Ligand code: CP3
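As structure tokens, one chain now follows by itself in the form predicted alone.
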Amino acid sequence: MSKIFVDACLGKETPYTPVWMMRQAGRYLPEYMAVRAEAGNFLNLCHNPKKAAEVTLQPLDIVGVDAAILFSDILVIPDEMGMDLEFIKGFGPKFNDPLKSQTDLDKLIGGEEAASKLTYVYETIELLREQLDARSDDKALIGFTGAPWTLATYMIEGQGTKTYNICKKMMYSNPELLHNILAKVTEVVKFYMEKQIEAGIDVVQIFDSWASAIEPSMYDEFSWSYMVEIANYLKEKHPNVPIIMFPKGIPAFYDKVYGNFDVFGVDWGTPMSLAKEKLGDKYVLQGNMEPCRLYSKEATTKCVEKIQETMGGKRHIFNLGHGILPDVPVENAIHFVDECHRVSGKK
């Protein structure tokens, strides 16, 4: 069965514009919270293939999106490389042993050996592939990874940060060490995403959530080039699997975007018209409603209509310009999906 979402990623004509939401399997859904409570905590849920598959599929049935995105977390990669990860309630992820030296980096597992430890992710995908193939619809399955730079920020800072000063101190004072960290993470990500594809995902998305922390003149060297290296590797191995790149907050870099991928994710801070002008001929565009518009059905409809007017239903996938927030009413998320389908002609 041809999947509308996959066709849209490849720039093919589709009967309507498909839609999904970043963080669509998450805390705004009571059904998700129930499963997470059963699992005990967030990391336990990531490690439980049956429960992870269950929450992955919830937004398809409850909200009506056109693609499921694998429920996992970007930080399972450094966790399985050998770093000490914990999720602290009210605080977030924390590494108790952040990277400070080449010696610290050398202690970590790399390459395919590290990627092979993520068996629970591949088992989740296999369960999802089986369940999705048994359905009568054509919903696609998205796999994902954090970009090496975004992963490295956590590995070096030890936690989320607003200033990135430890990472950026390394960028300017010890760039060789930062490049060594990025290169090691990139090798793990290549194998990790290849194994996700082999397990059954339809589309890959590479998130660079902290792209805007890097000044534009340095972005290619310390982030984009590594993302492109991953995309090139995957395209060589699996040329028919679409790749979505989502670097958040870098409109100043749009003139310099390059690489062998299919879809460019546009964040909410960038006008869709600008993205279309700079990148619309080269890549399918995804996005980019401001997530807080979901608090108002009226504001949602207005934005969806504007995006549709800009893109004209061509070479586009509807999405938010970042993740859905935990306190958004479920009915408002459903309204967003319904409006995307309505304006793009789904009967």
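Predicted model only: the values in this text are computed from it and were never measured. All residue numbers are counted from 1 along the displayed sequence.
The protein also exists as the form predicted in complex with the named molecule; that form is not presented, and the subsequent description refers to it.
Would 112, 233 and 261 all count as contacting the named molecule in the predicted bound form, using a 4.5 Å heavy atom cut-off?
No: no residue has a heavy atom within 4.5 Å of the partner.
Counting any non-hydrogen atom inside 4.5 Å, which residue from 75, 257, 170, 213 sits next to the named molecule in the predicted bound form?
Comparing distances to the named molecule in the predicted bound form, the residue within 4.5 Å is 75.
With the named molecule left out of view, which of 306, 36, 314, 297 would have a heavy atom within 4.5 Å of it in the predicted bound form?
Filtering the options by heavy-atom distance leaves 36.
Can you tell me if residue 270 lies within 4.5 angstroms of the named molecule in the predicted bound form, counting non-hydrogen atoms only?
No.
Verify the contact flag for residue 224: yes if a non-hydrogen atom of it lies within 4.5 Å of a non-hydrogen atom of the named molecule in the predicted bound form, no if not.
Answer no; every heavy atom of residue 224 is more than 4.5 Å from the named molecule in the predicted bound form.
Examine residue 122 and determine whether its closest non-hydrogen atom to the named molecule in the predicted bound form is within 4.5 angstroms.
The answer is no: residue 122 has no heavy atom within 4.5 Å of the named molecule.
Spell out, yes or no, whether the shortest heavy atom distance between residue 27 and the named molecule in the predicted bound form is within 4.5 Å.
Yes, residue 27 sits close enough to the named molecule in the predicted bound form that at least one of its heavy atoms falls within 4.5 Å.
Segment assignment from 129-137, 214-222, 88-96, 192-200: heavy atom within 4.5 Å of the named molecule in the predicted bound form
Partner-contacting stretch among the options: 88-96.
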